[in-house]
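The chain below stands alone and is given in structure tokens; this is the form predicted on its own.
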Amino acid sequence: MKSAVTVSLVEEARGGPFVFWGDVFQAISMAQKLGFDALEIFPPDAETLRHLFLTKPLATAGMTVAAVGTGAGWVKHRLQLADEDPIIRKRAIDFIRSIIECAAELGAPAIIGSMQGRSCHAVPKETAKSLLRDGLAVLSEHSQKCGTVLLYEPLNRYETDQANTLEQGLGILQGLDNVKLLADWFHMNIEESDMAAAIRLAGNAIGHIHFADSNRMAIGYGHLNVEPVMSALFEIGYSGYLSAEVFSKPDAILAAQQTIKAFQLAIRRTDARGPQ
């Protein structure tokens, strides 16, 4: 398993769960010093990300991109895949397509989380799910053509009613071979009765982990029992990223330091115990 830390370039999302903010080059430098393997990047749009020309700075630092978020499509542009307006749905798909293309150039998948949308008076729950499925099918095909995968993130009940658990996420993704689940430990702590069991159930459908404690802070700052969850990842043979999508509290450096310390400890303990 590999470590990653988040950086947001979206001013409208300031205060959200991202460790570093604004300066991606400073984030690369600090992440390298602390021993992270990769960055997870939250850009405002594809053009901004592409014009950063990150390939060389990342290679020089010996780092990669773990994933690229699409959430600015909702936070900044108010686009979602389950919108009642077909014009807005098309704009949402086009926005995600462009992020997928940039992410693929960096060797990374794109994440669909908040852009999945939710039901409302004008869009009943089953209709919202159908619209999400339709969008994911189009975007899955585009990701495959770009040589990468797509990540779909179940969110807690306060953020969506599309899929709140990994099992519900599996239902959404049925038949979509190029889409993997993003298992976010903060959301799972709210929605799953047994996080380790949920991971075992999802198995190799999991393509990415958001490494966050119960309070959306760095692992170790909340009350999450990490060991059984890590053991479950070990059992399913997960070899992807554990990415810190957490608040930059007490500050960015301390959050990053606590994350890499917790990551290294969790790996050592899991390796020592082996599958349970």
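Note that the structure is predicted; figures quoted are calculated from it, not measured. A residue's number is simply how far along the shown sequence it sits, counting from 1.
Below, we refer to the form predicted together with a small molecule, which is not included among the displayed structures.
Q: Flag D83 as yes or no: does it have a non-hydrogen atom within 4.5 angstroms of any non-hydrogen atom of the small molecule in the predicted bound form?
A: So D83 does not count as contacting the small molecule.
Q: Verify the contact flag for S119: yes if a non-hydrogen atom of it lies within 4.5 Å of a non-hydrogen atom of the small molecule in the predicted bound form, no if not.
A: Looking in the predicted bound form, residue contacts with the small molecule do not include S119, since no heavy atom lies within 4.5 Å.
Q: Just checking whether E191 would be counted as a contact of the small molecule in the predicted bound form - the rule being heavy atoms within 4.5 angstroms.
A: Heavy-atom contact with the small molecule at 4.5 Å: absent for E191.
Q: Would you please decide whether G169 lies within 4.5 angstroms of the small molecule in the predicted bound form, comparing each non-hydrogen atom pair?
A: Contact check for G169: no, nothing within 4.5 Å of the small molecule in the predicted bound form.
Q: Which one, 182-190, 197-205, 129-137, 101-109, holds residues whose non-hydrogen atoms are within 4.5 Å of the small molecule in the predicted bound form?
A: Correct option: 182-190.
Q: From the list L79, L155, L150, L173, which entry has a heavy atom within 4.5 Å of the small molecule in the predicted bound form?
A: The residue in contact is L155.
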